[in-house]
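Take a look at this single chain in structure tokens; it is the form predicted alone.
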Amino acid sequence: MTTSINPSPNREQRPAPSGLALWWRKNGKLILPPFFGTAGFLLFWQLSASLGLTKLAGPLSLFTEERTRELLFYPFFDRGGLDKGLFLHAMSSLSRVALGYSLAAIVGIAVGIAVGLNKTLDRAFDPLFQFLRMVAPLAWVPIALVLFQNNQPAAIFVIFITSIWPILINTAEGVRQIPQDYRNVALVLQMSNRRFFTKVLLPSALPYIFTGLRISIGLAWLAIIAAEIVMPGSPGIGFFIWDAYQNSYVSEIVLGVVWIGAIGLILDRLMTWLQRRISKQ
């Protein structure tokens, strides 16, 4: 005779993990390393400032000093002139970046495609492109001021001339890397130039184009900071940092650097997200 053993009705059943627990199991290992890395860096920085190992204000100064605390918690104020919150300074800088970067993207992609398709143009202009891309953003500032005699267009030109080269060079390389088999098929099928561009060239070169765009957005953001420091007189995050330095507000300089890094990171992540969305289509 076989005796079956039934599970005890009093045995407690483990509850199913909640949605938050499942999310943490999936993403916890991705979140903890950067969290502890950043926390360790901030702790080391604060200890160095507290022990007098560096004259740079520690991260806690962002909350302990009244002026910096006001800038941190009230970024939208506008008292007229250049006395604005950090958000408004950042928006002024971003508007210049948007103009200069958009021009660089349009010209860089167009010229890159032309150079990539034409070997004669490539041989003629590649040394010039390689030469110009080595010039630092600050070196373009006096040239831009001589050309335009005005801070605003000069700043946009500095952004444009700094950020165009990665877009142009990567686009040209992407066009060069189109497999010869694809070109042969296009010739056999007698594709029109428009169809070749949309069905063969653009999909093949798109990863290279986005690599250039992603590199250039960081360069554009760096360029506007440099341009605004050298060309003061209008709102911008670069002007904010330079003004804080002139008045020895060290904690405000630190806060400005935090904003620069955060905005730069957001711009990079937005470009990565855009690349993924377009690549899926």
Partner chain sequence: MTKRVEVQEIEKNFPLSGGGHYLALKGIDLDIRKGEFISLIGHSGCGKSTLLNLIAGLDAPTGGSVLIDGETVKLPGPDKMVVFQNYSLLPWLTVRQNIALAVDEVMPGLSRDERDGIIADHIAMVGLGHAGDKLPRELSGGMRQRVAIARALAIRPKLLLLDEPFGALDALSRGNLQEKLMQICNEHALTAVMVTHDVDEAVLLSDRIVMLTNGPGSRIGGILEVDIPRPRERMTVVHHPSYYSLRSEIIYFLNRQKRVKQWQAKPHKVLARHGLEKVNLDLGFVPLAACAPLAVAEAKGLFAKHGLDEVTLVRESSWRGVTDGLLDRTLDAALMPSGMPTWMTAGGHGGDPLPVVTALTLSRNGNGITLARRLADGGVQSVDDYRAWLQSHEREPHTLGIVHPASMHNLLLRYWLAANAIDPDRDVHLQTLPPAQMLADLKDGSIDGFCIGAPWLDRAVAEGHGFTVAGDLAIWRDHPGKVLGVREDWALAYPNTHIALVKALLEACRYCAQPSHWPELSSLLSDRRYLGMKPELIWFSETSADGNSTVPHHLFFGPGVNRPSRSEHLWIITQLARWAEIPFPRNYVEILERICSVGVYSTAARELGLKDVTYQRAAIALFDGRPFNSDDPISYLNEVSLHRDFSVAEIPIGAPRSLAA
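Positions refer to the first chain, counted from 1. Remember, predicted model here, so these are calculated numbers, not experimental data.
This next part talks about the form predicted together with the partner chain, which is not shown.
Chemist: Tell me, yes or no, whether residue 181 is in contact with the partner chain in the predicted bound form, where a contact means a heavy atom of each within 4.5 Å.
Modeler: Close contact exists here: in the predicted bound form, residue 181 approaches the partner chain to within 4.5 Å, heavy atoms only.
Chemist: Taking heavy atoms and a 4.5 Å cut-off, does residue 176 contact the partner chain in the predicted bound form?
Modeler: Residue 176: no contact with the partner chain in the predicted bound form.
Chemist: Although the partner isn't part of this model, could you tell me whether residue 188 comes within 4.5 Å of the partner chain in the predicted bound form, counting any heavy atom of the residue?
Modeler: Heavy-atom contact with the partner chain at 4.5 Å: present for residue 188.
Chemist: Test of understanding: in the predicted bound form, would residue 133 fall inside 4.5 Å of the partner chain by heavy atoms?
Modeler: Heavy-atom contact with the partner chain at 4.5 Å: absent for residue 133.
Chemist: The partner chain isn't shown here, but in the predicted bound form which of 139, 110, 91, 200 has a heavy atom within 4.5 Å of it?
Modeler: Contact with the partner chain in the predicted bound form is made by 200 alone.
Chemist: Using a 4.5 Å cut on heavy atoms, which of 118, 102, 152, 204 is close to the partner chain in the predicted bound form?
Modeler: Contact with the partner chain in the predicted bound form is made by 204 alone.
Chemist: Want to guess which of 154-162, 73-81, 118-126, 190-198 is within 4.5 Å of the partner chain in the predicted bound form, heavy atoms only?
Modeler: After filtering at 4.5 Å, what remains is 190-198.
Chemist: Which residues, if any, of 54-87 lie within 4.5 Å of the partner chain in the predicted bound form when only heavy atoms count?
Modeler: Residues within 4.5 Å: none in this stretch.
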